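Shown below, as structure tokens, is a lone chain in the form predicted on its own; questions about how it binds or moves come after it.
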């Protein structure tokens, strides 16, 4: 069952902020938690760009973190977390160490340096300021597609973007996914219009096309961004369930199934595929093993749907020679 917004903000206890720059062709997305969230992550791509992910391992000290950043800019984009930190520090939010307050802000980035935007930013990249601005824009409702960290995202054959979806488990726990689809491969079957995620769609959220009657060998042929061009799909899974860091880690691991279903293909050598999993701890698990197992399955489904929504809602970048958006080729069904 899908929640009212069908966004990750259906999970109580978090807000999403976006900031982007049309000239730059890139941007930043931030998830802000009302209270420190129990968070872990799992990286399965061969070329990740991350910040403070070691902090999220179950054996590390930090009980919860304040925000997660998903941004463009490749390694340059890691400056975005500094801007988010600055905004949170101004609000007195962070991990207290006596009189010091340190906002804990893990991050992952996508490679969008070759998408046609102007990356001649001079000495310092603009991502710190974009991160700061994203915090100011945070709320419960936000746009999908060519926005925030998904502004400059692309797939092998179509414009990528920012996607999200949510669901409620049979035990009443809410789970949601937020993803930047910048895949090395494709979210659509063959040349489209059907999405690999078609069998998981809820309420015509990405066109209502479903799956074709048959997927031919030609449509299964691999297509990917050729040459040494890294690509990455990065995501945040959130739930209102009460989880330990160990269970959050397991949730992040299991959610990678959503990438494998929503894209053909993922987890490649040039990918930086990374998933964060966060618990806002509003609703305990009564039957931990059974309810958590369902939670992991539904989280992966949400991510599969969010991938398709990110591509479906995207608009083409405003530069010559860029990839078309799904709706440019197939219209809005």
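Bear in mind that the values here come from a model prediction, so they are computed numbers and not experimental data. Numbering follows the first chain given and starts at 1.
This protein has a second form, the form predicted together with a further copy of the same chain, left out of what is shown; the following refers to that one.
Although the partner is absent here, residue 96 lies well away from a further copy of the same chain in the model of the complex, with no heavy atom inside 4.5 Å.
Within this chain, residue 33 is remote from the site of a further copy of the same chain in the model of the complex, having no heavy atom within 4.5 Å. Interface residue remark: residue 254 is counted as part of the site for a further copy of the same chain in the model of the complex, having a heavy atom within 4.5 Å. The shortest heavy atom separation between residue 209 and a further copy of the same chain in the model of the complex is within 4.5 Å.
Of the residues given (132, 200, 111, 142), 200 alone sits with a heavy atom within 4.5 Å of a further copy of the same chain in the model of the complex.
When a further copy of the same chain is considered in the model of the complex, only one residue from 263, 180, 236, 231 comes within 4.5 Å through any heavy atom, namely 263.
For the marked spot (44, 250 and 294), a heavy atom within 4.5 Å of a further copy of the same chain in the model of the complex is present in each of the three residues. Of the stretches 215 to 223, 111 to 119, 88 to 96, 158 to 166, only 215 to 223 has residues with a heavy atom within 4.5 Å of a further copy of the same chain in the model of the complex.
Taking a further copy of the same chain as positioned in the model of the complex, the residues of 268 to 285 that bring a heavy atom within 4.5 Å of it are, in sequence order, 268, 269, 270.
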